[in-house]
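Only one chain is shown below, in structure tokens, and it's the form predicted alone.
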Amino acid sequence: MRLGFPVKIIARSDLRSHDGRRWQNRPHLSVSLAYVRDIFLYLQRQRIHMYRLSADLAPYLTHPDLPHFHDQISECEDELDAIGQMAPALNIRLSFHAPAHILLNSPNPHHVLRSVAQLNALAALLDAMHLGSEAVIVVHVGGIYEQPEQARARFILGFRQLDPRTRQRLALEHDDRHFSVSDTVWLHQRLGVRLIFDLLHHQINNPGHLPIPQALAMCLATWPPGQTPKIHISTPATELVRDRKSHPHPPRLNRHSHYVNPFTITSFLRDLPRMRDFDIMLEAKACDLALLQLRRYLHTRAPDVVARYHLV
């Protein structure tokens, strides 16, 4: 089992995830890839073997009003190939997570076309790195709009507008408000798209009262033999929240904690029945620091979990 984290390196403020300059300063994919190379070296030193790349890796790549950014992938062919060779050599599994504004089920056709273009571009980046099928782009179904049934049907239409290679890169995740594991299973049955299980989302949004092991197994079963599924794990923030008038409020359950609760994660892993292997993306605000803290805890307090899952 590999543990991973998304995008930002908290322990090292000098390591950037991408070239975040504004378009006037001519940011470029080549700069982002140099940053990624340095991140890989950090991951190697920390023995971390999964990482979510920034979706802004190639700045303004599909911006309709900035065509001079559109050729970055071809301009960085050699650099992308080098990164693509470096990742498996260091046993680093890579992925993207589509930004929230990407909506394949939007009722606005223009919005769908922009979403399709951006997903095709993310897939083209992974293809240019020559990465295997486990390097996925995670997406959500989208909004409810009129009715859930219509929203799911529009997702199917949007999915079918993607390039075939992009469809092969996609992995669909249920969310904490609108679409549950059962909804994504329904879409998998019609599209064949692989599914991502998210522990916190399922704890918040589970209208069918599916037990966690059953929901997890349903998602893992959508991955073909020979591919290792990945899941998302986070725990909710518990800190007091104050509004603009300094009035106290409880935190929203869907807000990720900075460090994951190790007791929750240990119990989740220890109580699962035997099932196929999977990797874990930790979605915690402390990113790499949260991963390192959890790994230390598991090795010192839960060696049975480490041994059972061959945790690296």
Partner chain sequence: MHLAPDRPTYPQAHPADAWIPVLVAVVNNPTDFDRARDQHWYRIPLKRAPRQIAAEYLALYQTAKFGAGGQRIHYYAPILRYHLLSRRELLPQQADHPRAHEQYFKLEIGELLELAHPITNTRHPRLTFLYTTLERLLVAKDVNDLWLRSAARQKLYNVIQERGLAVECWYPVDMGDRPEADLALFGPHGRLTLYIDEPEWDELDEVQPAYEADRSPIHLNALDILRDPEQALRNLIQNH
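Note that the structure is a prediction, hence the values are computed from the model and not measured. Numbering follows the first chain given and starts at 1.
Just so you know, the form predicted together with the partner chain exists too; it's not on screen, but the next bit is about it.
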item: Candidate from Val31, Ala55, Leu269, Leu61 lying within 4.5 Å of the partner chain in the predicted bound form - any heavy atom; value: Val31
item: Non-hydrogen atom contact Arg255 with the partner chain in the predicted bound form at 4.5 angstroms; value: no
item: Any non-hydrogen atom of Leu66 within 4.5 angstroms of the partner chain in the predicted bound form; value: no
item: Residue contact check: Phe278 to the partner chain in the predicted bound form, 4.5 Å heavy atom; value: no
item: Exercise: Arg45 in contact with the partner chain in the predicted bound form, heavy atom 4.5 Å; value: yes
item: Heavy atom contact within 4.5 Å of the partner chain in the predicted bound form, the stretch among 217-225, 102-110, 77-85, 195-203; value: 77-85
item: Check all three, Asn25, Arg37 and Arg295, heavy atom within 4.5 Å of the partner chain in the predicted bound form; value: yes
item: Heavy atom contacts to the partner chain in the predicted bound form at 4.5 Å, residues of 125-157 in sequence order; value: none
